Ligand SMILES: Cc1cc2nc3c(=O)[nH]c(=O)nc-3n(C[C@H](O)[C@H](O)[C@H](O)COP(=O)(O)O)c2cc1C
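For reference, the chain that follows is the form predicted on its own, supplied as structure tokens.
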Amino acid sequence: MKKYFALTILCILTLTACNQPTAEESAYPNEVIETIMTRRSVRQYNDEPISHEVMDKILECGIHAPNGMNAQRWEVRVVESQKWINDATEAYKNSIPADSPMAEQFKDPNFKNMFRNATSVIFISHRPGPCTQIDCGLMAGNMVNAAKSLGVSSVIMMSPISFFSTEEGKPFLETLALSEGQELLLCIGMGYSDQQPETPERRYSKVKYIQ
């Protein structure tokens, strides 16, 4: 009898332990806050593609971000073609003078493409207006946090955008088929992470209450 009682207690303790949150899980009050606090900008990805089912959910979360007067003065393009990404990268490399500091990135043995080695790239454009840059920033924020919650890593970029206004970049811009009046504002590299970035320092001293 004592043997069965001891076994029962052991089973209860085991099940209870399995249901206890880990130290990492208990550090945040809910999954939304945990997603925001643990998302990092990733610059190395493996070759695994993102399924359309996952990408569709990321995009859906993006277009549900708040925007001024619900004008939705933005457009979104998703590039999955590795040929497009590689060809754009090659044209980009050819547009950078060899003695330019920007050319140093090409010497990195981990360099794959100009979009921080991402396997998919989301381009966000806007028809310029008083709120449109903020609107697109909110959209990008929704996308990267939704991606994190689905196991997809990301990095928000503006530096590649200037390439598309050059002679070398214009053919690639044309393939995005943006509506008249739309201007590229930013892009987001996405994929499955091949690195674990450290948590950057955040300056809480910049936050103040006015009472």
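Just count from 1 along the sequence shown to find any residue number. This is a predicted model, so every value here is computed, not measured.
There is also a form predicted together with the ligand; it is not shown, and the following applies to it.
For the chain shown alone, residue 55 is not a contact residue for the ligand in the predicted complex, no non-hydrogen atom being within 4.5 angstroms. Proximity of residue 65 to the ligand in the predicted complex: non-hydrogen atoms within 4.5 Å are absent; the residue sits far from the partner. Interface residue remark: residue 156 is counted as part of the site for the ligand in the predicted complex, having a heavy atom within 4.5 Å. In the predicted complex, residue 43 approaches the ligand with a heavy atom inside 4.5 Å. Remark: all three candidate residues (39, 116 and 200) come within 4.5 Å of the ligand in the predicted complex, counting heavy atoms only.
Judged by heavy atoms within 4.5 Å of the ligand in the predicted complex, the contact stretch among the candidates 172-180, 159-167, 44-52, 66-74 is 159-167.
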